[in-house]
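Here you get one chain, nothing else, as structure tokens; it is the form predicted on its own.
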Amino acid sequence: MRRLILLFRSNWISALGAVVTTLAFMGFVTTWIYLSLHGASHGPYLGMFAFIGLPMVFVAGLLLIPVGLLVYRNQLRQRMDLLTRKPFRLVRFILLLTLINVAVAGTAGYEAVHFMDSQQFCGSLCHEVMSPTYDTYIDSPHARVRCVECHIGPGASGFVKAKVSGLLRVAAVLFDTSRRPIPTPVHDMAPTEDTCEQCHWPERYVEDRLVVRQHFADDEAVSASTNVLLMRVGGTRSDGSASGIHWHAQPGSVVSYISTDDSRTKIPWVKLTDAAGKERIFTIEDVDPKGPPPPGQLRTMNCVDCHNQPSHRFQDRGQALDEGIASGVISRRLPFVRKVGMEALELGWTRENAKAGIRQHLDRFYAGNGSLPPDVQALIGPASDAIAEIWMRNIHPAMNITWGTYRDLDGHDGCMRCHDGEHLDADGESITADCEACHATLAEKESDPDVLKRFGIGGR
């Protein structure tokens, strides 16, 4: 041990490396114990420090030791003479230290990979860039699904591809070259059969689903109306036939298309291949269905072609207000609350002044429209907080994200890309534009729909 210490002390570079390695080792062990005891209560930066920063310092210190011996190699003979008396003990001791170092580096590497797979790493480290998508993720049905389960494919190749792509994004953040907003769709996503279809089964038939949505007017009474839809979710039946919305995902047929824009919203060419291999091609007016396909990106339709924002859905401001009013967090006892809420959401706030500005906007509106009873006046604060929360969730000026930046394609916007009555095959037959193929409208803008009374849920 004495001789090894003399070797480390033979020059200042090796001595520095030994000190750095030892301190990094001690820091990693103590931090790892701390994180083990405190679980998920620590922040993302502590995890990054423990499992990325300290291992890098540890390895850097190890590298300094041979670098110093190399730089001062002309003086190494004298040190080696001192070590020749007990060479095997020294070799055994070096082997022991090597095993310890490998164990430390291996543990740190495993923990680093584990940490890089966590939601904290994916969503919290690059605040300005990732905050919008992370905020919508934790408010989504997939909030308990780890980011890597959708963004990283299975196996070593998927892991390496994701980490290389991630390093490029980290570099973009560091050098402030990130695209604002982050473009969608993400073209390097893992195949849906390896992600979505691990939980959702394309082969499963789903019965029709009742959807009830309340809407509110901008009038003084904030008048309510209700839409009731019977969604024909569908899929593949037990006899092999398919119907409804999820007909597109049935294994027996393949729908492919060409898009001429990066957002996959302009589709001039669609091909349907049935289970027997028969093909039908539908095109818009300027494209010949019998001719060569137009230039563009050719894709086979899968889950994300319609469900393009399954975990990062940005809200429509009108729908978000309707949901807040329906839940009661925005009280209908406040006159014109939907109207003034829409106005507040459309103003040019910043992340720093939005909450206070929206409250001032509501205060000025109600102060200028007559006095309110004290119990109604008290409702302005909760309503203002709820409206501000809607704004903060959906608007991110630093990332150029505003209302409508990210289009949701699992509604009419997505359907009408193809189901517009203008995509025709060689015989002049169009892709159906019949709304009833996807849903039946049981009530539209009715104040108290009779159909809900039949189900025993009237008076909403």
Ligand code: HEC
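All residue numbers are counted from 1 along the displayed sequence. Being a predicted model, the structure only gives us computed values, none of them experimental.
Keep in mind the form predicted together with the ligand is missing from the figure; the text below concerns it.
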| Sole residue of S331, S311, S178, S259 within 4.5 Å of the ligand in the predicted complex, by heavy atom | S311
| task | Work out which of A326, L345, I245, L362 lies within 4.5 Å of the ligand in the predicted complex, going by heavy atoms. | result | I245
| said: Which is the contacting stretch out of 192 to 200, 333 to 341, 290 to 298, 374 to 382, given heavy atoms within 4.5 Å of the ligand in the predicted complex? | reply: 192 to 200
| message | N227 versus the ligand, in the predicted complex: is there a non-hydrogen atom within 4.5 Å? | response | yes
| Taking heavy atoms and a 4.5 Å cut-off, does G252 contact the ligand in the predicted complex? | no
| task | State yes or no: in the predicted complex, is some non-hydrogen atom of G414 no more than 4.5 angstroms from a non-hydrogen atom of the ligand? | result | yes
| message | Quick check on D434: any heavy atom within 4.5 Å of the ligand in the predicted complex? | response | yes
